[in-house]
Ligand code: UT7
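Presented below, as structure tokens, is a lone chain in the form predicted on its own.
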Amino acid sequence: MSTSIPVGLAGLGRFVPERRLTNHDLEKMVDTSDEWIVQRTGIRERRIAGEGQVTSTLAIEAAKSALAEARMAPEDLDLILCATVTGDQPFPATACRVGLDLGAKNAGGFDIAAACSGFVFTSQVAARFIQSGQFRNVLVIGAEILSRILDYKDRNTCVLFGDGAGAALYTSLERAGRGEFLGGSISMEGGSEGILAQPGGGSRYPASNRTVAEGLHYMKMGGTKVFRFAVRVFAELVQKVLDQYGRDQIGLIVPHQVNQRIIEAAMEQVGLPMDLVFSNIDRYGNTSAASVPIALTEARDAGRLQKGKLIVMPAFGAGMAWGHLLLRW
């Protein structure tokens, strides 16, 4: 009979670029205002990668912090998984560059492109590898430089997104001593490419003078549809955990930082107070796959993770794809 190895979270890390792009800065670039952005999204500023930084640059810094907390060397890693839709290049995988620069000479690696749900999905992949006994120590990184695919003439997208990276190091629960992996979910709804997408650059619209001229390499989004979808899905994911474990078991909800108004509307729908939520969207905007691990690391640093209580991490985004990650601290 096969046995499943319990999985825990041994280390966390985050890294964001120094440069801040405030709402007042955006007022000078596009037809918008600080009041308009704050009222609709809760965002006040976001971080923007410097000229010499690429996605792996941010990912490596977050990874170093996670390794240090876990008291592991890069050589201890068996696998590196990078959740990103803005990798250093279409291929090879950004995880390979991270592994090389870290010195993780014993690790394999690959990328997972699930946009805003990336970290939540990739953490479940990592946990299953450990549960099966195939790998012992798996590093999961969510890293994005979304500023490089934004059209700063389109106020529907450019005010929402920022750059950053977060990392989590999963290993056996015996080794980690905390952050027990309890499960999660992965769902999708096909045929929604037009709602939230980067149309150009793939096999559908290969790079050409025409696609560049038409701005198809920029992110495109249908805001109203995304808002309604996200509120419904967020509420359903949290309700699923409530139904299984009960209100008293939930210590903190660390959602994908999509939009403060979406989070508030969903929490109202499930009848839970906002003080159960950790949010940092006001400082970073939506960093896609990086948002959950950045927020989880900051929640830990702020003393918000309660021993023995559940951490619920719902995420939703392009695809449309959504799911949740559930840990017990």
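Residues carry their position along the shown sequence, with the first being 1. Remember, it's a predicted structure, so these values are computed and weren't measured experimentally.
Same protein, other form: the form predicted in complex with the ligand, not shown, and the subject of what follows.
Contact with the ligand, judged by heavy atoms within 4.5 Å in the predicted complex, is confined among 27-35, 64-72, 266-274, 294-302 to 27-35. Among the residues Ser172, Asn156, Gln239, Ser187, the one placing a heavy atom within 4.5 Å of the ligand in the predicted complex is Asn156. Checked against the ligand in the predicted complex, the residues Ile250, Leu102, Leu216, Leu196 give one hit for a heavy atom within 4.5 Å, which is Leu196. With a 4.5 Å cutoff on heavy atoms, Leu58 does not count as touching the ligand in the predicted complex; it lies far away. The ligand in the predicted complex is not approached by Phe15, whose heavy atoms all lie more than 4.5 angstroms from it. Under a 4.5 angstroms non-hydrogen atom cutoff, the ligand in the predicted complex lacks Arg283 among its neighbouring residues. In the predicted complex, the ligand stays beyond 4.5 Å of every heavy atom belonging to Phe135.
Scanning 252-267 for heavy atoms within 4.5 Å of the ligand in the predicted complex gives His256, Val258, Asn259, Arg261, Ile262 in sequence order.
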